[in-house]
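Read the single chain below, which is given as C-alpha cells and is the form predicted on its own.
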C-alpha cells in the first residue's frame, strides 16, 4: 500500500522524542482496517518536515505495534511545500474538483512532483519483490508507476483515485496533461470512485492518447487498449468498516456521550455537519442555507440546532486560513442575529479534531446529517453516519455532487449545495419527515453500506486486478440495479 502519508502522523514531543497519532481523512479510515486484517506494508511520508535515523526507527516501531510494516519516504520541508502544498493542492486538488480558477500552474511544482514521485518509487523498489502486488493511492502519486517502470519494476501495479476525475474540458487546463495521462496508462489497473469518473478518464484518454483507443467490455471493469498498452479501468466506490462502526456506536460510552449532547441541547432536533477545512466542502453555503431555513420557517426556532464540526487541515495555506475566518464570522453573524434568551444557540461551532468516541457520539446524537460538498470523490462521513445510526430514525441530506450519492440516492435527500433556498427547504422537509419514512430511508442505506463495505471494496479491486477473464468478473445481483446506480443530477 503506497499513499502520500502513512496512517500515522509523527511529531516531536517535548524532550525530542517522536510521538505518533492516527492520521485523519477518508483514505486512512478506509484502509487502516484492511492492513490490520490482512497484513502487508504501508509506504508513505511520516508527516514530518525533517529526516533522520531516529524518525525511521520511530516509524518502524509504530508499524510493529500496528500489525503491519511501515516504510517511510523522507521529504524535506522544501519538498513538502512544492510537491504537496504546491502541485498536489494548488494544481490537482482544485482542478479535479472543477475549481480551475484556484489553480496555480507553477512549472516548478511539476518538476517537484516528478522528483518526489521518483523518491516514492525508489522506496517501493527497496521494500517489495517481483511477486508483490503494489497498490498506489490518490492524486499525489499518479506518476509512481511511470517511475517504477523506469527503475525496471516488473511487479503488478494498480492505482486508485480517491477524488473525482474531471471531464476533458476541465482536464485540458492542465499544462502537463499529456505527461500525466501517459503516466496513468502505465498502471495495470486504474480504479475510480464512480462510473462518471471512469467515463471522464476514458474520454480524456481518447482525446489525448494520440492514437486509436479501444474500449472492451460493458461492466464494472473495462479494458482500454492504446498502442502497446492495455489497461483495466474500473469504478470501485470506496466504503467503510460497517460492522466496526455499528458495534462501537452501540457501546454504553458512546450512548452516554450522545445523551449528554441532548441534555446540553434539550427539546430540539440536532443537525450535524462534519467536514475537513476545505473550500470544496461547501461549509459557507451550508451555513447560509441553515440561516435561510430559520428565516423562512420561524417555527424551527428553538427546535433545531446545527452542530458544525470543522477538522483543521492545511491551516498554514492562506486560502484555508481565510476560509476558517469567514466560517467563524458567519457563525457569529447567525448566532448574533437570531439567538434568544433561555439558552438556544442556532449554530454550535467546533473547530478541532474529534476522537473516535466523540465522533460516534455526534453521529448517534444527530437527528439529521447535513453533508453538502460542492464535489467529493465519495464522502465517507455520509456512510459513517448511516452505520452509526443504529436507531434508524435519522435523515441524511446529501449533496448530489458527492460520489456517495450514486449509492445512497434511494435513501438520502439529495440537494444541490449551490441552491441555498433548496437546501433550506430540504432541512424543513427533514425536520417534518414522518418516523416511518425516516426508518425506511435509513434502513435502505444501511443495508447497502453493510453489503458493500470496505472489505468488499478491497476484494472487488483485487479480483479486477488478477482476474483472467473480466467477462466472468463476479458481481452481486443488485450491484448495478440498486447500490451503484449512476445517478446524474438534474
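Positions refer to the first chain, counted from 1. All values derive from a computational prediction rather than experimental measurement.
Absent from the display: the form predicted in complex with ligand GDG. The rest refers to it.
- In the model of the complex, no heavy atom of residue 365 sits within 4.5 Å of ligand GDG.
- Proximity of residue 354 to ligand GDG in the model of the complex: non-hydrogen atoms within 4.5 Å are present.
- Not displayed here, ligand GDG is approached by residue 379 to within 4.5 Å at the level of heavy atoms in the model of the complex.
- Ligand GDG is not shown here, but in the model of the complex it comes within 4.5 Å of a heavy atom of residue 276.
- Comment: 162 to 170 is the region of 246 to 254, 184 to 192, 122 to 130, 162 to 170 lying near ligand GDG in the model of the complex, near meaning a non-hydrogen atom within 4.5 Å.
- Here the marked residues 48, 90 and 140 all miss ligand GDG in the model of the complex; none has a heavy atom within 4.5 angstroms.
- Here is the short version: of 29, 41, 66, 428, the single residue with a heavy atom within 4.5 Å of ligand GDG in the model of the complex is 29.
- Comment: ligand GDG is not present in this chain, but in the model of the complex one of 408, 238, 271, 394 has a heavy atom within 4.5 Å of it, namely 238.
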